[in-house]
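This document starts with one chain, in the form predicted on its own, laid out as structure tokens.
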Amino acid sequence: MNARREWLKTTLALAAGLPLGAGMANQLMAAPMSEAEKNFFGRSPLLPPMKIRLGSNENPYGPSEKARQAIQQALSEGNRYPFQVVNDFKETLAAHEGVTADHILVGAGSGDLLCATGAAFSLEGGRILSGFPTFPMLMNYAEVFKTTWDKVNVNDELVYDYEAVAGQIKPDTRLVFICNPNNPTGTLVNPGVVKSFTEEVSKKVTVFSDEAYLEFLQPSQQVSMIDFVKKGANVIVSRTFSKIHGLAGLRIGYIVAKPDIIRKIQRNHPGIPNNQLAIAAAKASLGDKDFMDMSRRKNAEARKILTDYLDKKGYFYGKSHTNFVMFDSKSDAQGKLSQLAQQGIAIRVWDYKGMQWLRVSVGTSEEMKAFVKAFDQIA
């Protein structure tokens, strides 16, 4: 539990651009942080406030107006525990996904539920398998319980290699984690490939499908693995209101799985992780097509500002379908991280295959123009 607490403290400090002390630096190995980040933040730099926050894949346009109104209306219930409100919200989500409420578990963002799942499947021992790099929270938490994390590298285009992952399943593999579109690479695999993989693998081992960024795709491209849950397969699907819905600070998400799997995960989950305001905002956001369309459109416009620059300067990057882009830093990632931070711009650095990669979240078009200008001066 201490490792998880330090992981969360470090992640929060990094996202806010806050300095980290030497004691914190000793705990960084528990976090998905690069050597450049550990060296930089371990020196406790005195940084200005982060004016342009491009490190946490946040939606710069949310919450929506409907969510804001719902929050205001829910304030009068702030003195009440949300027991019945959570149950009602589960019914709403169940109707939205085409399942019954016992297929739903609501949490404080999908990260909360990733941790609970990591604990649930780690108590059996064995291994958890995923592509790499990917969003590591479930696997990081599983490792706290001494579970082995088996990693399969993405391919040369930074795309999740489902065939290679399937080939690495072992007799004691308890869970296979997939993420499409993938974080941090932003790349997308044809849904047909993912569906075939999920159908076959779930016959042998539980598949966890992280769909945090699915809604950044056009609606016609949004293919969820929830259909396998409806068929009774050993599949868990996670969704979040932190990304397209712009509710990252309110912390609300959910998973969909068979009732027996939900009960298994729920045993490792806190009893009241949500609050009245988050639930009200999420309910209002769930069917807000106009806000999602606007966020998707503006994200694509702002992302193009970044990728056009990367193309012009010859940087290799993953073809992003999300609100972030991962690209080869070419050199001195720590220097770039530091110089951008001094200008109030927060980004992330990832280590992969002995190289340092920059992951830049997509902000507004104005923010991306400011980033490109600042980066061009230090590149």
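We number the residues from 1 along the sequence you see. Computed from a predicted structure; not experimentally measured.
What comes next is about the form predicted in complex with a small molecule, which does not appear here.
Give a yes or no for residue 90: in the predicted complex, does one of its heavy atoms lie within 4.5 Å of a heavy atom belonging to the small molecule?
Contact with the small molecule, no.
Taking the shortest heavy atom distance, is residue 110 within 4.5 Å of the small molecule in the predicted complex?
Residue 110: yes, in contact with the small molecule in the predicted complex.
Is residue 114 part of the interface with the small molecule in the predicted complex - any heavy atom within 4.5 Å?
Yes, residue 114 is a contact residue.
Close approach of residue 251 to the small molecule in the predicted complex, 4.5 Å, heavy atom
Heavy-atom contact with the small molecule at 4.5 Å: present for residue 251.
Among 161-169, 141-149, 204-212, 220-228, which stretch has residues with heavy atoms no more than 4.5 Å from the small molecule in the predicted complex?
Of the stretches listed, the one contacting the partner is 204-212.
Of the options 183, 295, 122, 285, which one has a non-hydrogen atom that comes within 4.5 Å of the small molecule in the predicted complex?
Selected residue: 183.
Have a look at 179, 194, 244, 105 for me and say which one sits with a heavy atom within 4.5 Å of the small molecule in the predicted complex.
Answer to the contact question: 179.
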